[in-house]
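Taken one at a time, structure 1 and structure 2 that follow are two forms of one protein chain, written as structure tokens.
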Structure 1
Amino acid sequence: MASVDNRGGFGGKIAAILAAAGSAIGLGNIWRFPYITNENGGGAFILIYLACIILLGLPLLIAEFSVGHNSKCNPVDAYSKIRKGWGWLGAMGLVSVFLIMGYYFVISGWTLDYAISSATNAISDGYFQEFTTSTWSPLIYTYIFVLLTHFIIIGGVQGGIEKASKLMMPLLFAIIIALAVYSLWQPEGRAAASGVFTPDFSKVSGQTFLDAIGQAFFTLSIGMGAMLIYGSYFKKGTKIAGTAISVVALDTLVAITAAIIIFSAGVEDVQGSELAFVAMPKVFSTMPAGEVWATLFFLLLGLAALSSTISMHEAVTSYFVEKRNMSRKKAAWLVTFGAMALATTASLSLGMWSDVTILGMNIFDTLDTFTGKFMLPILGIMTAIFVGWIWKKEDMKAELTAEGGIDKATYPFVRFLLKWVCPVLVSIVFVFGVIDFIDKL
């Protein structure tokens, strides 16, 4: 196993926040949050979501940071170091994140193509279907995106991840602010954006709470080992609670700002990839200098995706470096080639291999469904159980109060959330996800 002293780490608090925020801020902030906000009463949903973030997302993020910071290890060794026999939880997280990379890299590649095609005004009706079902074009952009991630990982923690985060995250914030300002500059944009904050409690239902819980859980990359490995790179003295609060705040700010942009465009009722790659290009085509704003929008998506794929790749790479004693370069290439192979299968399953199905789903959708509805919720439940019940109470308290920045008066509340509230809330997401999956069979 690599020495703790030689494994590297983030240079300071800002670097840690930017890197972790980059892992949290992903495509779901931009194309899922606006849709479910519109479906569930605008400001009413945001209020419920904020409560779920505080009661669920924040404690689980603190938990993952704490396990990583305490152990200074890759996800597998981190759990087994704190409690022998629990390395399987970290291993399960790495399997999950690797499977997620299989389809996430494909979508990320789409953002590169659309940024270039938007700049050259090459997007027309039917472009998305034609592009995603073709053989070579999406594969080429997927490979480019994988290699972008790879060469950042090769640079190490400070020379690669930290340096990239310091460049990408301010650029991401600048682009999303520019798009929001432009949207709000238009009278119709201001009128539409008011729907983001105006509460409509008539739309609140049981599904609203389920959506809020699910978004609060999935938005922070919990359970994959990505936040755990970043926590292991925090410098001594980095306040875990303060860092987690900053990450949650930035993640939520981006999601709400994205909702303002989408509401202003009038496509808030479109979900998923259709929103980003079909509806938004049509909106931009009717705007003055539309190709400029479209290019910025897809650059935003690309940066959000890249900041997430970096953390995914690093979680798996760190395992091979520390557990299998590989050099960082060799480990990174191993993960890169594995991700390329899986992404190739996922991409081709949308086109020439679309007749290959598992339970009626192509390989791309199988990876998404299996990780999102099964693996990640189970990992979230087990993470909360591990920290709340398995980790020795005295050791956990010392980590959170001495190093974590949580005062002794607040600690019992955080522990209560991790022991009781978080497992219950994530279990609800899991149960309803399974029911939804069965209904669709």
Structure 2
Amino acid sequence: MASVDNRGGFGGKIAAILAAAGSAIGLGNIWRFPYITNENGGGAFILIYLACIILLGLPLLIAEFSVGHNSKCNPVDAYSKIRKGWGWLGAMGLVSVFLIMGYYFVISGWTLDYAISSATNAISDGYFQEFTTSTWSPLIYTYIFVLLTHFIIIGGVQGGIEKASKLMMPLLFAIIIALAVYSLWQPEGRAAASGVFTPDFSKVSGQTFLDAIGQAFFTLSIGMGAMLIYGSYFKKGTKIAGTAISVVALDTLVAITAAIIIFSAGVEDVQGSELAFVAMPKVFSTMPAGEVWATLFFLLLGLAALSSTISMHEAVTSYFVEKRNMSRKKAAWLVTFGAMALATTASLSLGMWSDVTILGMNIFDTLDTFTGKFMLPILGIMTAIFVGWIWKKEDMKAELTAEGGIDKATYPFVRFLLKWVCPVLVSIVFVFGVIDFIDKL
């Protein structure tokens, strides 16, 4: 294990918030949240989603930050340091985050191509299908995106991750505000957006709760070691609860603003990946200076993705540095090549290798479904159980109330959420999710 003193850390509170918000804010907010909201009754979904974020997401984020901050270790050592024999929980998170990288880097690569192709007005009908199923260009953009991530990671915690976050996050906020102001400027935009936000409770079903919890965990990067490793880099005096609240607030604001932008464009009938990559370019092409807005939109997606991929990469890299005694550079290359290899199979599975299927799904969808439907809820349940039941009560309380910054009156409530509410609710949802999955096979 590398010594605790030379493992680096964030310079201060703002850096901690920006880096963690960067991990949280990603494709999940701008690409996934709007279409899931639309499928589940608009405003009705948002209300349920907000309840999940506050009752499940926030306590789990505090829990994960605390494990990292308390142990000052990579995800595997962090759990085993607090309780011997629990390193597997960190390892399971790292395996999951690696599998997520497999498809996340592919979509991230698309954003680069789309930013460039939008600027040159090259996106026509059928472009998405043609581009994503072709062999070389999506692969090359995917590799470029992995390498961008790689070189930020090589720069170290302060020189790479912190610097990149301080540069990228304000830019991201500026772009999303500009796009939102522009969308709401148009009266049709305002009408279209308010239509989607009007709650439609007839669309709420059991599935809505599944989707809300899944989205809450995904968007907050819960259980994968990414938030844990960032928590381990928090400087002394960085209050965990306060940081978590800021991250949750920024993440939610960005998701809702992204939904406003997308719905005010009047594209509420389009679903899934088609929304950002097919419907939006169509809308932009009819607008004055559409190329500029389209380029900004895909730049926004790319920035959001990059600030997330660096935290995924860092979680796995930190393991090889501290547990396997590699240099940071060597560890980063190992993760980079691994991610490139897996992303290659995911990208090709949309075209050339579309015949290769697992339970009827191509590799891309398998990675998404397995991590989202199975690993994410299990990791959420286990993290809550670890902090609520396994971590020595006094030590946990000391961490949460001292460095955690949770006052004595609020602490029992947070503890109750972690001990009972998270494990029970998420287990119910998980079981129904599995039944639903098997039904659909």
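Computed from a prediction, not measured in an experiment: that's the story for all the values here. Note that the rigid core is defined as the largest set of C-alphas that superpose within 1.5 Å between two forms. FYI, numbering is relative to structure 1, first residue = 1.
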Structure that is the form predicted in complex with tryptophan (TRP) (1 or 2): 2
Align both forms on the core first, then report whether V414 has a C-alpha shift of 2 Å or more between structure 1 and structure 2. no
For Q129, is the C-alpha shift between structure 1 and structure 2 2 Å or more after core superposition? no
By the 2 angstroms cut-off, has the C-alpha of K81 moved between structure 1 and structure 2 once the rigid core is superposed? no
Upon rigid core superposition, what is the positional shift of the Cα of N38 between structure 1 and structure 2, expressed in Å to one decimal? 3.2
If I align on the rigid core, how far apart are the two C-alpha positions of F201 between structure 1 and structure 2? Answer in Å. 4.4
